[in-house]
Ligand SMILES: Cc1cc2nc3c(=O)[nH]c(=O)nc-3n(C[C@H](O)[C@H](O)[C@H](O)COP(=O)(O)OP(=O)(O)OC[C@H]3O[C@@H](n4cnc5c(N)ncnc54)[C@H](O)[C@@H]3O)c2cc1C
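Quick setup: one chain, the form predicted on its own, written in structure tokens, and binding and motion questions come after.
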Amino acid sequence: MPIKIQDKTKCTGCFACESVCPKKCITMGEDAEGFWYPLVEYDKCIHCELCTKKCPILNPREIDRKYETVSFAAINKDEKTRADSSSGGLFFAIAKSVINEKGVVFGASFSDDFSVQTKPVDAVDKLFCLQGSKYVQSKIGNSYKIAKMLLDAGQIVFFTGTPCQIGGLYAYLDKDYDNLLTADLICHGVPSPLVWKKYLDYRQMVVKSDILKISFRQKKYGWNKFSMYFGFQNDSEYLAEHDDDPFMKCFLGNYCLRPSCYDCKYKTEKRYADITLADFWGIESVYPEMFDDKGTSLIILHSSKGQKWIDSVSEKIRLREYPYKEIQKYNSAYLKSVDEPKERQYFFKNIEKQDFLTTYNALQKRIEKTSLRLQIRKDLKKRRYRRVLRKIKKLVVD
């Protein structure tokens, strides 16, 4: 039987099934929440079942590496590169090295309408489009197919993405390549492209101008207080710290994430990727000399191949080893999925038919009411406890 999604928590939207279909009868279509799921044209299907056989969730790939995982705090020595990066600028250092070896780098990029898609880059002066975090699920499209063509032709490929996208890549390729380097990230979860589009519409409506530039991690107020930034064609700007921006509050509050993110099957120490890249939150507590609030990366090496490429850029970066077993102390998302809030369904039910601001304001009111009810219950319990305690004291005295 061709693939059929009955439980959305078991589909990451990785595009492996669409990519592997020999008859092109599978397309990834958006559901009401804006997330991609496979749609099958059954009249074209030849029942080869490659889609189900290659699904990385239904058929987890065995990872057998004779390599002891190690981790490092890291900073790119080039200050401009670090300033343009979300954290310490390690992605750029590796990507530049790959391109200098005539390789191709795949990563998340903004398209013309500021949706997010995975694309290949083969020139250093084009790497800027892959720099910086994009807190929206990136559309893989034909990237797996293009990567395979390049790999089969003998070119070096550096493929970056969320852990589930890297899982999808290996499922599609069905083997490892000596000329393939992969990097995933410590992922909080992926927000809905529909929610992102509605937020873009809202921002453009406020200033009555089209968007020119976006940064999810602008460092004007520092790396720890990173900000959401929009630049518009009429020269107006929007800048808000991440805990004040409504989209970031929805993202970090877990209200707009894909269903599979609440029970992520890729949050494990056995990673498909050769390298995991992330922010080194808490660096000021462990290695103060590597903290200047401009961004410090966390690098986790899972393979000798990853080690080789880090060694190749060692002169460009500052490294300090950090105990691997201590990582989760400051980066709990490495192994732990986020909790699904009770208000998630309410949020998506409204965003389907309303604009972003109306939905966001309704969500905030609902959260406030819930918090108020919980506080009232908590206060009542305290009062009951005090009354019981007074009665007990009175009985003891009597």
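The first residue of the shown sequence is 1; numbering continues from there. Nothing here was measured: the structure is a model prediction, and the numbers come from that model.
One more form of this protein, predicted in complex with the named molecule, exists but is not displayed; see below.
Shown without its partner, this chain lists Ser260, Ser192, Ser71, Thr160 as candidates; in the predicted bound form, only Thr160 has a non-hydrogen atom within 4.5 angstroms of the named molecule.
Site annotation in the predicted bound form: the residue of His242, Lys197, His188, Arg203 reaching within 4.5 Å of the named molecule with a heavy atom is His188.
Residues within 4.5 angstroms of the named molecule in the predicted bound form, judged by any non-hydrogen atom, belong to 328 to 336 and to none of the other stretches in 353 to 361, 30 to 38, 328 to 336, 60 to 68. Residue contact check for Lys265: none of its heavy atoms lie within 4.5 Å of the named molecule in the predicted bound form. The closest non-hydrogen atom of Gln165 lies within 4.5 Å of the named molecule in the predicted bound form. Contact check for Gln131: a non-hydrogen atom falls within 4.5 Å of the named molecule in the predicted bound form. Within 4.5 Å of any heavy atom of the named molecule in the predicted bound form lies no heavy atom of Ser143. Residues of 100 to 121 lying near the named molecule in the predicted bound form, listed in sequence order, are Gly107, Ala108, Val116, the criterion being any heavy atom within 4.5 Å.
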